[in-house]
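A lone chain, given as structure tokens: the form predicted alone.
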Amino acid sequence: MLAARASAARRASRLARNFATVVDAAGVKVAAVDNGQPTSAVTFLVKGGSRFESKPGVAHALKGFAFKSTAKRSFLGTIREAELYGGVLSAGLTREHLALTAEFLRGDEDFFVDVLASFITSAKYTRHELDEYVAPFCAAETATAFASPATRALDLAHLLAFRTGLGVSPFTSAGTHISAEDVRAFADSVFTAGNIAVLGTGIAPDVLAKLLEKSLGAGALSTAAAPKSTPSAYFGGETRIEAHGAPETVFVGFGTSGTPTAELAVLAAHLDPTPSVKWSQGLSPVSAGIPVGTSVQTVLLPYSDAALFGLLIQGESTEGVKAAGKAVVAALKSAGELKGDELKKAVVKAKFAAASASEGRDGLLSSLGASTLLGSESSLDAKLASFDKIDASAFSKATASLLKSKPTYVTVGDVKTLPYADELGL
């Protein structure tokens, strides 16, 4: 019995590691994996993030319209039916993608795939829903997000790092006016054949493909060209924002253009002060320099044609943040000298983080979404194998190239006493 269980676990592991073959169905790319779990999830991943928007805030407004009135169901009807099935509908927006997700009990996929498809093909975008639901939702979500100094610092860091394109915030700025016609026009431009990937977990690929053929139907999606974004270029810069009543916050970062490399993930793993054993300090070169009451978190945000890497420092006092900032900069400058067992340790730590992230649905979506949109195969094995190619020379070269660029430096808090970039050695 134990041998049978182990064999089944290995089979499930191989399925998860290799995910699924990407197929075309009804004008969209489809990939799914079924490990026999009792619940299923389907996500329509649209290349319609804020970097592609035609007017500031329109991508956020489109997210707000998710699951509102369509030609098949009213807003209230969608809510009632989803609750009768016990499912959960959600929408997410990043700088590159709009994600529409349904999670439900196995066997209810027919209804939920249809709900997702009907929004893509027949949303009404009514003015009263924009005024009564969408606009207030966008304003509240933006206010809540920017109440967090960390979120605000990272948003500003993107603007400094990339300016346009990836620098465009996925949150609506105060005072922005978006009409229902603006949202409809943007939706028409991104809900097109070839610009959507459908990802499933807990559902067989052939079942999902058949449901999409039924729900989307022939010719349901426009074949018009999707909006393009200019290739990302990294700039960097420094800004300071006054804020009170929240942790003093500093972000020290750098950016790259082009496809993100495995070396960046290894650098993030090397500097990450999170200990492997609870209640221990950890052996990161940053750990010893972090005062009590101050935290340091590594940040690696990879995109299709660029990446933003850095460390987010937060603390109760500006003195603690300054001390931690100096430790961070010193560790960054010496990182290129990493070799031997220290490099091996960072590599396996990065491999574990990548493998662990792929076990959850969110991790699968983030790692497989972009490749599925391109119609290319993706597997965890291939991703992990890229770490095995890293040696001391390649890591040192990648780190030196990163640190030669202009830093992206953001402070949020008491700007009168928080350190400037040059005070930390940048």
Partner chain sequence: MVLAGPLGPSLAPTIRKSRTLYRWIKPVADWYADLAGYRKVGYKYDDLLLEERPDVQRALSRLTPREHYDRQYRLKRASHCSVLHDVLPKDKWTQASEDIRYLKPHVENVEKEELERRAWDNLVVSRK
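Positions refer to the first chain, counted from 1. Bear in mind the structure is a predicted one, so any value in this text is a computation, not a measurement.
In what follows, reference is made to the form predicted together with the partner chain, a form of this protein that is not presented.
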*Do all of Lys349, Ala400 and Lys404 end up near the partner chain in the predicted bound form, with near meaning a heavy atom within 4.5 Å?*
no
_Among 81-89, 160-168, 277-285, 137-145, the region lying within 4.5 Å of the partner chain in the predicted bound form by heavy atom distance_ = 81-89
*Answer yes if any heavy atom of Gly77 is within 4.5 Å of a heavy atom of the partner chain in the predicted bound form; otherwise answer no.*
yes
_I'd like to know if Tyr133 sits close to the partner chain in the predicted bound form, meaning any non-hydrogen atom pair within 4.5 angstroms._
yes
*Is His128 one of the residues lying within 4.5 Å of the partner chain in the predicted bound form, judged by heavy atom distances?*
yes
